[in-house]
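First, one chain by itself in structure tokens, the form predicted alone.
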Amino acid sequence: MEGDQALKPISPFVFLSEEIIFTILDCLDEDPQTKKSFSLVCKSFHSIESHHRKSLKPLYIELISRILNRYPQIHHVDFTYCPRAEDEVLVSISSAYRSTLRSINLSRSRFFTHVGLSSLAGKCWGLVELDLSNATELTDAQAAAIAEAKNLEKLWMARCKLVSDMGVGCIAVGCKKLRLICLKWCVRVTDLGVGLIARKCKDIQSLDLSYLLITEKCLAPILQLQQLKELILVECPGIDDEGIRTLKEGCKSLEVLNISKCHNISNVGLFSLINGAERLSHLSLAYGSAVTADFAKCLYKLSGLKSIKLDGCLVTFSTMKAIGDWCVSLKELSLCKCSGVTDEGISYIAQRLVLLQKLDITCCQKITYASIDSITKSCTTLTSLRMEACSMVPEEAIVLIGQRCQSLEEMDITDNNINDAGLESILRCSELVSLKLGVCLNITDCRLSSVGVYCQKLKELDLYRCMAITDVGITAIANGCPALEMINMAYCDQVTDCSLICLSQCLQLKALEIRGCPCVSSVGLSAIATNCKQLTVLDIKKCCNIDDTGMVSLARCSQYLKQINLSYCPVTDVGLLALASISRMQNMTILHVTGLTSNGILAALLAFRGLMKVKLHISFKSLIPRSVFSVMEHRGCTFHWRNKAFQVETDPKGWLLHLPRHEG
């Protein structure tokens, strides 16, 4: 017996200090399942992992007391999966982590009041980040409770539509260390509340006031903030040229300015806003006033600009010339859906912006071969090129991209004239991470197969309505791109289970879109579910051969699934009820699933514990008892009723997308 004990193997971890084991656990942070497995090895590992963990993302609010007892050193709590977080929970959190808690995310949670917030703010003296976005029922009393968090540095309150100047004023007085505050869509906040923030919180670096009815009255104190780096004023209709003109000087520390959708601010107002802002590096004027020749006056003093976004604006050659003349350091330019973009303008800026890394010319339908020729000749260090629906660009121009811009990491050529020759050229871009080829009907398996050979870093591939693609091409992608995280094969009607079985080798797959693929079945989906454990988004709408068997496989293996669309599928009550065991499921679309009954839907809804959003056909609304709605709403779930008629595929090959577009 003594000899047997002497030969008993000793774990090497016995000789390692806790600090060294903590370092090992740091390497496992991205894979929660691996860390869970580590903790189940033995009691010692269980204890070590409990003390090492710094962040929590609970699935069920009912288990919070057990979680708090196990993990004593938590810094960050994320309630993204818990739509209902009542005061009792927040009080427990604040009591357990009063000395360690630094941030908490309540952006998807509801039903807490000023009691819970007051406990967090008052007890957790180290709290520096608080996300209350989407708290549409948050009142001034609850906002006032936040003021007790004296060390708070970052606060998000987007869509807190009941909070007024009174609540914001309390926060301004109490939280003087704020460096970031987001008041986007806080529609009751006016100049008074914003002005108090600017006057009391002198360390503000980032301020988001998008969609507020504010005027130039609050801009004066804002522009005097010495540390302000980012100012976001998307769609603030109360700010106009006349008011801005009264301002003496812009903010010298400003680096990022976003005045998108501010139709009352022209080049005149912009000039006043940026006066003295010599550090400005990012400027967004998307979907605003026309950008005319006077734009040059604004750019004259902004030679250090790194990014300009003019999406949806009317631009002229004078605009393009000004950008080319004064912004030679520009690294990012977005002209998405800009009318007025021509070959002349693109060629001019391309020759001068040789440092450009990201270019978006989506829907610039006047540009031709000449533009692509100029871009690829001069901007050879491009890492991102988006040119969806540039219908006048010929196939031979696409070839130039692969020949000259081989550093590309992201490319979007959706709905363009690209054939196998163009795709063959793009294969030289071996650093590609994202490739979008949607509605490119001339792409075949031959060259798509080569993508799997030459673009092995690919993580995102969009093949929406690429009708010529079959299992041959998808198999090559699956074999050659092991890091693939997202693939869209919607309406690729020749794809079968063979493709899904091969894609199941891509263990990092997170999003799969196969709507309108009639040849795939539960066999292929089961392979995906079994092997792709990280799958979070699944669209199987109109997959007529995916039934309950597929749902059962998802329920058994895809516990990270958050969102699913199973409209028009032959799923019955059995399949839907099986999905209810997926603990992270939050968003479901269930339209025209003829195999479902009202009782089946009723049972499934009650079985889902973390559901936040459900889309159902309106015909079920009267069949589900009001008491069930009350239970679901009590859990934090919202219903979206649709009255869409049953859709029959009238254009299965997508030809209507390519008919000549006539005006009028």
Partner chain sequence: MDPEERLCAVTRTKPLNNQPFIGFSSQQKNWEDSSFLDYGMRIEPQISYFNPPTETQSSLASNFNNQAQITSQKSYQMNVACESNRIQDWDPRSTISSLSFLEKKIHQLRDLIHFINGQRGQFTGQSDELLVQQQMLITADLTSIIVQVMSTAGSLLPSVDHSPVANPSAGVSENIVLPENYAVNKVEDDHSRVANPSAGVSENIVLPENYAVNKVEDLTGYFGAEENYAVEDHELKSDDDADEGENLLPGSYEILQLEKEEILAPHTHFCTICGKGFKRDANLRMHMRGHGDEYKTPAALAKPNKESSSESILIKRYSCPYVGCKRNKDHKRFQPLKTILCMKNHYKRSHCDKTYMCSRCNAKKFSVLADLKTHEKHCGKDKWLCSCGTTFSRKDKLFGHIALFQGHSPAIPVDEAKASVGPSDRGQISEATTKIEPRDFNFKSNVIGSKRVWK
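Positions refer to the first chain, counted from 1. Every value quoted in this text rests on a predicted model; they were computed, and no experiment measured them.
What comes next is about the form predicted in complex with the partner chain, which does not appear here.
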Original post:
Which one of M166, V472, A468, V187 is close to the partner chain in the predicted bound form, taking close to mean a heavy atom within 4.5 Å?
Top reply: M166
**OP:** Work out which of L196, C498, M486, V552 lies within 4.5 Å of the partner chain in the predicted bound form, going by heavy atoms.
**Re:** L196
Subject >> Residue stretch of 573 to 581, 379 to 387, 137 to 145, 403 to 411 approaching the partner chain in the predicted bound form, non-hydrogen atom distance within 4.5 Å >> reply: 137 to 145
Subject >> Candidate site K261, C336 and C338: all three near the partner chain in the predicted bound form by heavy atom within 4.5 Å >> reply: no
Original post:
Would K200 sit within 4.5 Å of the partner chain in the predicted bound form, counting heavy atoms only?
Top reply: yes
**OP:** Examine A220 and determine whether its closest non-hydrogen atom to the partner chain in the predicted bound form is within 4.5 angstroms.
**Re:** no
Original post:
Is there any non-hydrogen atom of V115 lying within 4.5 Å of the partner chain in the predicted bound form?
Top reply: yes
Subject >> 4.5 angstroms heavy atom contact with the partner chain in the predicted bound form for I590 >> reply: no
